[in-house]
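Next comes just one chain, in structure tokens: the form predicted alone.
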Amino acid sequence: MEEEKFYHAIEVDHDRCLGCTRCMTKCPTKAIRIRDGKAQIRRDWCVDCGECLKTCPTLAVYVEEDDFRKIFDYPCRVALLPTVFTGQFSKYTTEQEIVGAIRELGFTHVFPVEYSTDMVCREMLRRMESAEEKPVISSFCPAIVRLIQIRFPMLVDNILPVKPPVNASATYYHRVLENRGIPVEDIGIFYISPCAAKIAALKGEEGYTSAIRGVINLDTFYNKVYHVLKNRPKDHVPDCELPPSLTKKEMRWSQTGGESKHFPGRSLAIDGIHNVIDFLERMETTDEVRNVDFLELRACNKSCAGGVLTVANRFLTAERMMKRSQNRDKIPMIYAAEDMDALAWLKQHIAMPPVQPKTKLIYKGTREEVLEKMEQVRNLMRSLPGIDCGACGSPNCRTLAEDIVRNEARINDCILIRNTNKEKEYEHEGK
């Protein structure tokens, strides 16, 4: 049976694309090519990290999103809100004002993503104790999970098969609403996402079971909330029930170091997908990385505060989140919840299926055919200039050689070889 393909949230608007190669050169998995003057994404190699979106000068790369009006398909409308969203606003904008604006937009409930964090942490610790492979790796960042599946498949068993807070909290709160007598078909939980990878993971269900009905891009949602806040009278005081409060640990979980500090032994926190790749390559090929017990790996610089769909400066966002979380040390509210059935339900469904490798196949065929193609690439590399300019539409000379062997490119796509061949033609015609 054909291997299931990744779901992707990142798309390219070819009407806007200039074929400038910026996205291609920044892509950490070399999933982008320039063909016929337009960027093309190899769907089986992309991890939805958003590096291409950040570097595109014409906004040709975009993240798909659900129609906001979809929330009104459900009588019970829940905004599943990450802490990073409140970090988009200055300290002068209170949580009550933000929640009030969200309710004015049409949501009937607001629930924090990080509400289930402590239970997720406890389950991770429990599984870490019995883990055969070290270091264990957090499943928090779906772009990193995909990266490991594609580029480092030998490490998939190191990923802890525990739902990240967004899925765990959705599972828990959906059960709470059911127990309140709300029909399942009336419950619409919508996640406010700071990144494309979370959208892709939630919609693709790649090991992430979820009660979420839709995803709203954080930048879009911020603009809507900001518009409501800006047009309020200055003396307006919102009258609304606040969502459950979070502890300091829960509010800081999505920041760099938010996970690693809670795990025993040698724990490292690494953010930025290029930094993660460099670290994992060193771990695979050298003895430099030893005796590490836990890895917190995040694709975005400053973790979720630097998500590609955030609006505010990532450093200011991280600072605001830290300040909002001060003086919040207490017992997590999830254990004091009245609905113990929902708590038990989450405990039963907090695990996710083990992550499976989805190796980045450079060549197809039998072992002998693959070896023959590798030899062809080596021979082609002797002819290519090796300057990795990207003008051919491939990230570098080696990927061009691989594309040629796969019949996806031609040797004359190299502008230097093409010009050399033309000069030879002119010389021949002159004789």
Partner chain sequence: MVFRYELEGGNFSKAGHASSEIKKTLKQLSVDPRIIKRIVVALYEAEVNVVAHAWKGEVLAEVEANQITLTLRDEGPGIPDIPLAMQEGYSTASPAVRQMGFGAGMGLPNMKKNVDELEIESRVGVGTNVRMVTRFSGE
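Everything quoted here is computed from the prediction, not taken from an experiment. Positions refer to the first chain, counted from 1.
The discussion below concerns the form predicted together with the partner chain, not included here.
Residue 360 is the only one of 103, 232, 360, 266 with a heavy atom lying within 4.5 Å of the partner chain in the predicted complex. Site annotation in the predicted complex: the residue of 248, 127, 151, 302 reaching within 4.5 Å of the partner chain with a heavy atom is 151. Note that among 248-256, 304-312, 282-290, 91-99, the stretch whose heavy atoms approach the partner chain to within 4.5 Å in the predicted complex is 282-290. Looking at residue 59, you'd find every heavy atom of it more than 4.5 angstroms from the partner chain in the predicted complex. Using a 4.5 angstroms limit between non-hydrogen atoms, residue 391 is distant from the partner chain in the predicted complex. Although the partner is absent here, residue 374 sits close enough that one of its heavy atoms falls within 4.5 Å of the partner chain in the predicted complex.
None of the heavy atoms of residue 67 is located within 4.5 Å of the partner chain in the predicted complex. Contacts between 84-113 and the partner chain, taken as any heavy atom within 4.5 Å in the predicted complex, involve no residue at all.
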